[in-house]
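Okay, so here's just one chain, in structure tokens, the form predicted on its own.
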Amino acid sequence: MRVIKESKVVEDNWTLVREIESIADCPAGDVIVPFAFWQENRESLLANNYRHAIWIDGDIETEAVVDDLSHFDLIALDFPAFKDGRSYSHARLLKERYGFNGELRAIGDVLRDQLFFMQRCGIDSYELRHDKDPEEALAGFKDFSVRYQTAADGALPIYKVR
């Protein structure tokens, strides 16, 4: 799968699993599983030699994942609809309050118009909606030249630049 990471389009070996019933159905390799599946199968997943990742949506409380952060190389934040911004809050909390140093990935209804703001919240990689071209979406990071407030990206807001 192709994702945007570090402001370029790259091939990625993570497999996103939206729905899964049992550990026997879990694909081999680096897989992103639903958080509920992780909770139910934690020990079995930890026993394999793969990197671990979960995906969460706005219905999950950020605090619910905190105890397991050290096990995750990646946390995918689901944006089920363009207008659903709850995962922006997940990103800020995970990076700033809970010190998550792994990769945060936006998944779901991810569009060019959101990339600049997602990056400001601490999201590191982006799996665009299947009908969007990631090469064209790269320009979304340059849509705005100033920032009006501080954010997880560390960029200086305009009032501190003057």
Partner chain sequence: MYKYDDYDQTIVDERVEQFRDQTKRFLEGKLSEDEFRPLRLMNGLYVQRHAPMLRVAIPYGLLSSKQLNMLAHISREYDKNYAHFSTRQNVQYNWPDLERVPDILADLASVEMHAIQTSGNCIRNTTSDQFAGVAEDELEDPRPYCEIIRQWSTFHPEFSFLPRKFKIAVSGATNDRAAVQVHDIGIYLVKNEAGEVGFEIIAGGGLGRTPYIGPTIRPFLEKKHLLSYLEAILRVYNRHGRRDNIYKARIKILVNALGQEEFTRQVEEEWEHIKDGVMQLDQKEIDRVKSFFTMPDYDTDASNDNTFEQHLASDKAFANWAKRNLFNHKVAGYKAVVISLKSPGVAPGDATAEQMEWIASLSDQYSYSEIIVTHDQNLVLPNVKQADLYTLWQKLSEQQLATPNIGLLTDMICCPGLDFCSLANAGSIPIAKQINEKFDDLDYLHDIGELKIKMSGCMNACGHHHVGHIGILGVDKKGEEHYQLTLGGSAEKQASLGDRLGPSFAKAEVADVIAKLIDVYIENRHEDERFLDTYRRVGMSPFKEKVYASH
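The model shown is predicted, which means the values in this text are computed figures rather than measured ones. Numbering follows the first chain given and starts at 1.
Beyond what is shown, the protein has a form predicted in complex with its partner chain; the following relates to that form.
Trainee: Using heavy atoms only and a 4.5 Å cut-off, determine which of E135, E43, E61, D67 is in contact with its partner chain in the model of the complex.
Mentor: The residue in contact is E61.
Trainee: Only one of 47 to 55, 31 to 39, 115 to 123, 100 to 108 has heavy atoms within 4.5 Å of its partner chain in the model of the complex; I'd like to know which.
Mentor: Among the candidates, contact is made by 115 to 123.
Trainee: Do D25 and its partner chain share at least one heavy atom pair within 4.5 Å in the model of the complex?
Mentor: D25: no, not in contact with its partner chain in the model of the complex.
Trainee: Can any non-hydrogen atom of R2 be found within 4.5 angstroms of its partner chain in the model of the complex?
Mentor: Contact check for R2: no, nothing within 4.5 Å of its partner chain in the model of the complex.
Trainee: Would you classify E21 as touching its partner chain in the model of the complex, given a 4.5 Å non-hydrogen atom cut-off?
Mentor: Taking the distances in the model of the complex, the answer for E21 is no, it never comes within 4.5 Å of its partner chain.
Trainee: Within a 4.5 Å heavy atom cut-off, is K8 in contact with its partner chain in the model of the complex?
Mentor: No, K8 sits far enough from its partner chain in the model of the complex that none of its heavy atoms falls within 4.5 Å.
Trainee: With the partner left out here, which residues of 63 to 101 have a non-hydrogen atom within 4.5 Å of its partner chain in the model of the complex?
Mentor: Contacting residues: E63, F82, K83, D84, G85, R86, Y88, S89, R92, L93, R97.
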